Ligand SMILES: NC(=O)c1ccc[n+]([C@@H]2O[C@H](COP(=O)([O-])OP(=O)(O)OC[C@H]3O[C@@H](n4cnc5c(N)ncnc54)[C@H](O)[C@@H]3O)[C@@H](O)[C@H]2O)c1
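Starting off, we have a lone chain in the form predicted alone, written out as structure tokens.
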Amino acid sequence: MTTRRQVLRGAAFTALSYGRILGANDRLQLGLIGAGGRGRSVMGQFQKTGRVDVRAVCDVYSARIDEALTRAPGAKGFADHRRLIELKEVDAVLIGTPDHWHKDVCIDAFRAGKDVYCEKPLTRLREEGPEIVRACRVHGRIGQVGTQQRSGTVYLEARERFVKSGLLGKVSHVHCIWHGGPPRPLRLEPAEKPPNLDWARYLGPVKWRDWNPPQYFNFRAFLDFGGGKLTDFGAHWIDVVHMFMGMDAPLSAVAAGGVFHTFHDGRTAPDTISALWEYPGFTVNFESFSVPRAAEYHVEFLGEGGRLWINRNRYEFHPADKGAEPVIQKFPGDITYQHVQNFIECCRSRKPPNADVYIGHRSCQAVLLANQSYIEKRRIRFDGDREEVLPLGA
């Protein structure tokens, strides 16, 4: 029997995908949808390659459109993403919107024949992932998720040198930590909505509420708009685990936490969270917290042959043999730039990108299961082939 997983996983690039293929000398014509700080930053990485022209910019807040246009002179500005993707001159879109808009914008872009680079997490809700993957496959498009570790030289080398070679040995546990630095209060101003910000458009599929500055400027602190630290930070590290371990579906997930250490300002996403996943043969835990200390982030694989510690610019391998010297290697540069380059190459070659939407869906799925556990206060058991949560007592 063909499972849902097998259907979604197949990268079926049909004849539709050849409607607009970039030649060796062609420049990618890009549209930015969601021109906040991260969207503009990644747009800059595209421009840095020297192989991209930004042709259009879209945001619900015109001040952000204006800011992006200073970096992309001559580009068109839009308040509605549907108008941007109608442009025939645009080959691909970069999606930097809040999480609750990812599904609709991705699917609209795929249907319009655009390739898509979407910032992580791919989705806000678990059921949205298969819809995005299906649209990507049906319309034969390239879909890259912004889990940039998939293209980072530090990760690719560490996986080859210690995991695939067998030096790390059998891994029984992976420890992930991401502490973003000292806590900050949510932004409470301006009390009146800026007249050039379309609040109704911003809310989109989310239930109506009156203007609320924190829910716009600090959307990740609210579970209506995103998944908090588990999908913001945890999605990156779970994706690294999947990349290194060759497995992408947990058997179970459990999480606990709350708003313990930051300001009691109405946020609904926990500032402190600890999650534990069980995979066939190993476990993974993720910790994120808010206390006044320096930022800290890494993944550590605990194997029979030693310990592999890795972040975005360094890895350390500590062999299990007593007295053996550790192997430490540093890597300069921005791995987002490497990830963007991979996407551009795949827009040209039509090969699946390093973080194809199916890969992004499976990693996002894992952290959303942990979020479900946090909300429901129970252990979630999961059938990865059918992509279904198992009923209690099953």
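Quantities reported herein were computed from a predicted structural model and do not represent experimental measurements. All residue numbers are counted from 1 along the displayed sequence.
What comes next is about the form predicted in complex with this ligand, which is not displayed.
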| item | value |
| --- | --- |
| Heavy atom of Gly37 within 4.5 Å of this ligand in the predicted complex | yes |
| This ligand contact at Phe331 in the predicted complex, heavy atom, 4.5 Å | no |
| Distance check, Val60 to this ligand in the predicted complex, heavy atom within 4.5 Å | yes |
| Contact test in the predicted complex: Pro98 vs this ligand, heavy atoms, 4.5 Å | yes |
| All of Gly146, Tyr202 and Arg312 within 4.5 Å of this ligand in the predicted complex, heavy atom check | yes |
| Listed residue (Glu119, Glu287, Asp108, Asp248) with a non-hydrogen atom within 4.5 angstroms of this ligand in the predicted complex | Glu119 |
| In the predicted complex, the residue from Glu131, Asp232, Asp224, Asp271 that sits within 4.5 Å of this ligand by heavy atoms | Asp232 |
| Partner-facing stretch of 135-143, 180-188, 100-108, 253-261, counted where any non-hydrogen atom is within 4.5 angstroms of this ligand in the predicted complex | 100-108 |
| Within 4.5 Å of this ligand in the predicted complex: residues from 188-221 (heavy atom criterion) | Arg201, Tyr202, Tyr216, Phe219, Arg220 |
